[in-house]
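Below, in structure tokens: the form predicted alone, a single chain.
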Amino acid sequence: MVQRVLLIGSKGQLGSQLLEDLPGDVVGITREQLDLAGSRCVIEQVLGELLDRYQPDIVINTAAYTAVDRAESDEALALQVNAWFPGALGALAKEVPVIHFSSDYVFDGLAMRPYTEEDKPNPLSVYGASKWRGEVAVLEANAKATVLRCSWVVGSHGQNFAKTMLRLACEKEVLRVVNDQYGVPTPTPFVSAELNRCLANSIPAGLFHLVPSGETTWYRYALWIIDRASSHPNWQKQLRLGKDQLIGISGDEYPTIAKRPASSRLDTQKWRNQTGKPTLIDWQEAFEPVLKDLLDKKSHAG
């Protein structure tokens, strides 16, 4: 049984969820305590001091540079946070398991099937390349390391697509959303539930894909969110558009600085085999508690 967890990035979207849900003695480390934008020498020194002070049984890293478009012009910092730091962490904490989170953006999205862990990454962006390099670095530095690739992460904390759609639906009379990029929303409570189950037994080392079952597009995802909000008493009077005013468009009609993969579908067979779970919960069912929390809080309803 794990006794102490050192959780790096505990104020982020995923880190906040894990801090709430993980059992036992969880020590949250924030940016104020460990600034990954600082000098590498200082980062290594502070990290070493934290490991010595808390003597964790496991380290979980949810800290990341996630501004996908900004990374194109801020490559040095994206690489430091997403690529260099996981390797440094793996080396300094090599006596204990390290769980590190990565992204579907390591792939180019051209596959006609869900990607497996055996598929070679081919990132389209600086962000995707930095996440791939981070995977390699931590796995090479720490034989006990686990890398979990997730896609379209969404939670009650921080900023995400669901919150953006709810806000825009209260501001816009027409909303255009990309309908030819496929993936799976990964709610943070789903990730924490899978980790809890894993920590209670044994932590598998290696690279794994961890997303719920099913798939969708950004447009269909937004449609589902707006449909649910339109029947919620906190939002009915606030929404300025309905499902008919939500329009599906191609990715070419919505250019971004960093190119997105057309398919972010990830095969979870390896994770299911390792953890003895024949199927994983559908993404809509997994997302229910998050969406309920967002709607109940009136977080964008004024």
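Predicted, not measured: the structure shown is a model, and the values here were computed from it. The numbering used is simple: start at 1 and walk along the sequence shown.
This protein has a second form, the form predicted together with a small molecule, left out of what is shown; the following refers to that one.
A.B. asks: Find out whether any non-hydrogen atom of D35 is located within 4.5 angstroms of the small molecule in the model of the complex, and reply yes or no.
C.D. replies: Contact check for D35: yes, within 4.5 Å of the small molecule in the model of the complex.
A.B. asks: Check V59 for me: does it contact the small molecule in the model of the complex (non-hydrogen atoms, 4.5 angstroms)?
C.D. replies: Result no; V59 lies far from the small molecule in the model of the complex.
A.B. asks: Indicate whether the small molecule has at least one heavy atom within 4.5 Å of a heavy atom of T146 in the model of the complex.
C.D. replies: Flag for T146 set to no.
A.B. asks: Heavy atoms within 4.5 Å of the small molecule in the model of the complex: does E135 have any?
C.D. replies: No - in the model of the complex, heavy atoms of E135 and the small molecule never come within 4.5 Å of each other.
A.B. asks: Of the options C150, M165, L195, V177, which one has a non-hydrogen atom that comes within 4.5 Å of the small molecule in the model of the complex?
C.D. replies: Spelling it out, the residue with a heavy atom inside the cut-off is C150.
A.B. asks: Which single stretch, out of 136-144, 94-102, 110-118, 199-207, brings residue heavy atoms within 4.5 Å of the small molecule in the model of the complex?
C.D. replies: Residues of 94-102 come within 4.5 Å of the partner.
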